[in-house]
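Next up is one chain by itself, shown in structure tokens, the form predicted alone.
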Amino acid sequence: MSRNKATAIHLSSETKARRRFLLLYGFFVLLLIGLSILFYYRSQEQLMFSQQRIRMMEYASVQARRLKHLHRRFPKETKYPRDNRFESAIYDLEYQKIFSTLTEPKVDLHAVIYQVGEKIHLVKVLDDYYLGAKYLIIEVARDGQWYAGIMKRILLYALPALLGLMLLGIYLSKLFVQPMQRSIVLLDRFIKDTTHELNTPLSAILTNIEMINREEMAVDNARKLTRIEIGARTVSTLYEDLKFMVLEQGRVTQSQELDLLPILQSRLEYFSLAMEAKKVTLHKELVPTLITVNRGLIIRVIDNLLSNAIKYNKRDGEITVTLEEGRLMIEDSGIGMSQVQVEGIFERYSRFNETEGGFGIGLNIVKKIVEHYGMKIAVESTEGVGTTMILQWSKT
């Protein structure tokens, strides 16, 4: 894995944070612009109605005089007055239609002026009941040029505003993630410096522990030495993870066909002291299984899965390890995880239990190795019940 690729992986959390910020920011920007457009359209519509109302009131006055004339000459004259500039209708006091030439029959006698379809209606209340009419409705066509003009102005103002606000959002998102960037850089620098300093004292501790003759020690001292050895081995596992991630930059070296059974047995033996200290019972169902992978990398995968199964297990709990052709399954009876936690378990620096140690990098390393070899890893977990890690690969 190249340094550029490693850097890109380091910034995955930053990218997700920026994406979430931009999605939230974009939602509120669209909401703001949408409300602004609606307010502007309504205000311009009211202005248009005001202008139309003056003209339509003149039409209503003309039509009212014609109705008065017809009323006085009725029944000698029965033809309803018409005008090519507008359509009209009359309704009685009980809102019943007397006569209508409207092209849009839907009327609202409680409004003064309103739009219905492609038409505008004006309602005039008559003072005198000519022909029994109480309400006169005048209908004219909506001004198509006004509508096209208002849409053009909205686009002219809204698009530059949207572009400007989105550019501002990109700038703000960079400011938003800067603290995260600094934290990641500082944490990576700390891990790298720590890793450089760990190797020599850790090797000395483990070497000297192996040289001590436990049979000549008092039981109490032997128990204390065991605890020291468990702690040293835990740190050793962490050191190997840090070395792979920081010093080796996640490089994947040459692979070979291996029998996974003896490797798994040796790692179970390595973690046996930690299991005994926590009184965890181990159940094994192991068969010889071939896999093509780098030996050191598959050890990293196994160590991290076993370490987590022990670390997050209950005292007096159980671990079941099943190895069969093309599959390794490690099941624990620990604290378990929620579905949200399962979805983020492979993210770097993800830790869901602050009482346990570690940097939250182990499963991120597992994910990298698994993806490199085209393997699959599945997580099944229930809070308070336990977690099962299932590693699958192509059968050879």
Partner chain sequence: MKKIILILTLCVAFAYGESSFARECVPCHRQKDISLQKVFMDALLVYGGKENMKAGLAYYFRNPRMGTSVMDEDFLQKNGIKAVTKLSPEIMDEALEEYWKIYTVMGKLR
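All figures in this text were calculated on a predicted structure; none of them were measured in a lab. Positions refer to the first chain, counted from 1. We call the rigid core the largest set of C-alpha positions that still match within 1.5 Å between the two forms.
Separately, the form predicted together with its partner chain exists; it is not shown, and the next lines address it.
**Report entry** Sole residue of G132, P262, P105, G149 within 4.5 Å of its partner chain in the predicted bound form, by heavy atom
**Finding:** Partner contact (heavy atom, 4.5 Å) among the options: G132.
Requested in this report: Scan E215, E94, E210, D220 and let me know which has any heavy atom within 4.5 Å of its partner chain in the predicted bound form.
Outcome: For this set of options, the contacting one is E94.
Query - Segment that reaches its partner chain in the predicted bound form - one of 65-73, 338-346, 38-46, 366-374, heavy atoms within 4.5 Å - result: One stretch meets the cut-off, namely 65-73.
Query raised in the report: How about Q145: is it within 4.5 Å of its partner chain in the predicted bound form, going by heavy atoms?
Result: Output for Q145 is no: heavy atoms all beyond 4.5 Å of its partner chain.
Query raised in the report: With the partner left out of view, is T78 within 4.5 angstroms of its partner chain in the predicted bound form by any non-hydrogen atom?
Result: The answer is yes: T78 has a heavy atom within 4.5 Å of its partner chain.
Report task. Report yes if any heavy atom of R82 sits within 4.5 Å of a heavy atom of its partner chain in the predicted bound form; otherwise report no. Result -> Answer yes; at least one heavy atom of R82 falls within 4.5 Å of its partner chain in the predicted bound form.
Query - Contact of I98 with its partner chain in the predicted bound form (heavy atom, 4.5 Å) - result: Output for I98 is yes: heavy atoms within 4.5 Å of its partner chain.
Query raised in the report: Cα of L93 displaced 2 Å or more between the shown form and the other one, core superposed?
Result: Yes; L93 is a residue whose C-alpha shifts (by 2 Å or more) between the shown form and the other one when the cores are overlaid.
**Report entry** Is_shifted R315 between the shown form and the other one (CA, 2 Å cut-off, rigid core)
**Finding:** The answer is no; the displacement is under 2 Å.
Query - Core-superposed comparison between the shown form and the other one, T78 Cα displacement 2 Å or beyond - result: For T78, whose C-alpha is compared between the shown form and the other one after core superposition, the shift is 2 Å or more.
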